[in-house]
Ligand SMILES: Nc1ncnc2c1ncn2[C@@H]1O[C@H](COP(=O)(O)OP(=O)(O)OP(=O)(O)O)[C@@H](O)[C@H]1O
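In the block that follows, a single chain appears as structure tokens, in the form predicted on its own.
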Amino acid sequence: MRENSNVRIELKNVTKVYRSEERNADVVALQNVSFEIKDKEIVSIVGPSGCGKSTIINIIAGFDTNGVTGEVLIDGARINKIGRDRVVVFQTHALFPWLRVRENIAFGLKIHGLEEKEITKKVKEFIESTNLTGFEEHYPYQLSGGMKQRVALARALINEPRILLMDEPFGALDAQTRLEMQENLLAICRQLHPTILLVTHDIEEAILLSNRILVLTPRPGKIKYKKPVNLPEPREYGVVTCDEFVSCKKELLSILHSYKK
């Protein structure tokens, strides 16, 4: 284990190769990807479609190990499988349709053996913090898309993971609901301070939520650019009109646009 370090996630020369039966050839999805994410930091990954953004999430989560070389370290220890220290939130909510809202949120706590009294208390807190009060007894089919994602976010964060991996979590939501979810996430992060890696195609979302942004090249995905985001804290949506935000957006869009040439 690394001593006296605040680096939570580290990738060293990670390359991912998969076999394409259609092409009858090996395809390099990622090539020599290296970066660090510090404890409590929020980092976003942006890049063109098919560049390997989601692949990075799956590798760190431990879902994808075949054809992967290089090192993935969590707190200095090499990992190659799933672990309770990492929780993933996907674009599709993946709720259990046979469980009510409160039961979905409580699922992980029950698995970990918490006492019922403590579970009830924590579930109530997270239902309130994600604006789900009044929907505790609803099943997923009775909820809107935004509410389902709120439940998924609450279910992930109630276990207080050290690392939250988010793969286009708000990508399927309308603009207003997406904004509400971004504000929910920022509010909860101020309380729990997880380390977050966010994959998004939305440049404004990446700037609003992140401390740093990583830009990937087209496949094979490589780190093209690392952009620090120097916006005031706590973040509020009003920053999208400030000069620093606009300048950052122009810079990132220029890099992404250059891939089309």
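Bear in mind that the values here come from a model prediction, so they are computed numbers and not experimental data. For the two forms, the rigid core is made up of the largest set of C-alpha atoms that agree within 1.5 Å on superposition. A residue's number is simply how far along the shown sequence it sits, counting from 1.
There is another form of the same protein, the form predicted in complex with the ligand; it is not shown, and what comes next is about it.
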item: Contact label in the predicted bound form: Y18 to the ligand, heavy atom within 4.5 Å; value: yes
item: N211, heavy atom within 4.5 angstroms of the ligand in the predicted bound form; value: no
item: Exercise: N230 in contact with the ligand in the predicted bound form, heavy atom 4.5 Å; value: no
item: Contact of P194 with the ligand in the predicted bound form (heavy atom, 4.5 Å); value: no
item: In the predicted bound form, segment of 47-55, 65-73, 231-239, 32-40 with a heavy atom within 4.5 Å of the ligand; value: 47-55
item: Stretch 204-234: residues contacting the ligand in the predicted bound form, 4.5 Å heavy atom cut-off; value: R219
item: D243 C-alpha relocation of at least 2 Å between the shown form and the other one, rigid core basis; value: no
item: Threshold 2 Å Cα movement between the shown form and the other one at K12, rigid core reference; value: no
